[in-house]
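First comes one chain, alone, set out as structure tokens in the form predicted alone.
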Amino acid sequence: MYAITIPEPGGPEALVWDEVPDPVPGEGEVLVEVVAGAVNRADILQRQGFYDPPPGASPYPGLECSGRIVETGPGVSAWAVGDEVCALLAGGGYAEKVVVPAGQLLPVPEGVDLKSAAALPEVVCTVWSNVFMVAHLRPAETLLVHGGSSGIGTMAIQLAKAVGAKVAVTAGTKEKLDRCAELGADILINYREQDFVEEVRKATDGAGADVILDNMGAKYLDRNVQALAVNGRLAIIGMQGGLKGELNIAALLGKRGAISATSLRARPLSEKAAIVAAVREHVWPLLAAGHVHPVVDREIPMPDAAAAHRVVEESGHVGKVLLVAP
């Protein structure tokens, strides 16, 4: 088969479409012929040499895909050859074929085409596990989403609105904020021109955000605590704004606040399977009913993955950038 390889870390040109050995499914795994994959920020970090795959995972980038099962390994009974699926991966989505643990497979949701389904697994699992399973967002609460026009952000807006929450978002342009509003965002904050702490307080009569989904990390740590409501929960899922920040413990204590930080890729298979099962139970019906949908900015041929990485690094997109297999 062919896959995107990274012979040496570097810029987008480091991504090379090359012939590699076909993967073989083992116990409890299936082999998926990939129709499409999607680009995540983690893929860019891997390309740059900063985010190695977990032990035993595929060396090729790609944390989600959609496609058809072409082979099942020993011990797999719930899936069959020919099933159309999408999958949460620890790596390998930028390829013509990928091996997937059966617990990380999802059926293509009703009403979603096979290619677009590639935009779902990573973002839905990230949002559901952090905003709902960890931070326990409830109806009528306020969620603040940083990077509202990203793949994660566009899904977080929709899921929060589906459960009856109020949603605030930050983004860097009016165009991106307009797209967030179309998805249901109530409070639109241009982070280049406005202070999100002040804007969230103003929009909530001084209360603040009950849950904050943060992809920035260090840069926003202190201001996120300031923006929290009493009993608020800050869920950190990224470090685009740096690795080390200063935390005002007194401010956090005053809010009776909680901070969580999670990632998906290196979790044990059992934990990922539990998240996937929860997503199938709670989110797939929302997709089938049309209350939630994948937001796809554009499709790019998988051999041109370098072009897709440039698009994501320039941050001009809204939602997900898909890589379509040849």
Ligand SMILES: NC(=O)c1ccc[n+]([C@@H]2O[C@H](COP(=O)([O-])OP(=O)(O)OC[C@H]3O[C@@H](n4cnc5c(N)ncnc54)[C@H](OP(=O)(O)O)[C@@H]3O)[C@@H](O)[C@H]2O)c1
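One-based numbering along the sequence shown. If you're wondering where the values come from, they're calculated on a predicted model, not measured in any experiment.
Heads up, the form predicted in complex with the named molecule isn't pictured, but that's what we're talking about next.
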Heavy atom within 4.5 Å of the named molecule in the model of the complex - residue from K244, R192, K202, H136: R192
Which one, 314-322, 21-29, 8-16, 300-308, holds residues whose non-hydrogen atoms are within 4.5 Å of the named molecule in the model of the complex? 314-322
Tell me, yes or no, whether K219 is in contact with the named molecule in the model of the complex, where a contact means a heavy atom of each within 4.5 Å. yes
For T126, is any heavy atom within 4.5 Å of the named molecule in the model of the complex, or not? yes
I'd like to check something about G151: if you look in the model of the complex, is any of its heavy atoms closer than or equal to 4.5 Å to a heavy atom of the named molecule? yes
Determine whether any heavy atom of V131 comes within 4.5 Å of a heavy atom of the named molecule in the model of the complex, and answer yes or no. no
Since the partner is left out here, which residues of 117-149 would have a heavy atom within 4.5 Å of the named molecule in the model of the complex? E122, T126, H146, G147, S149
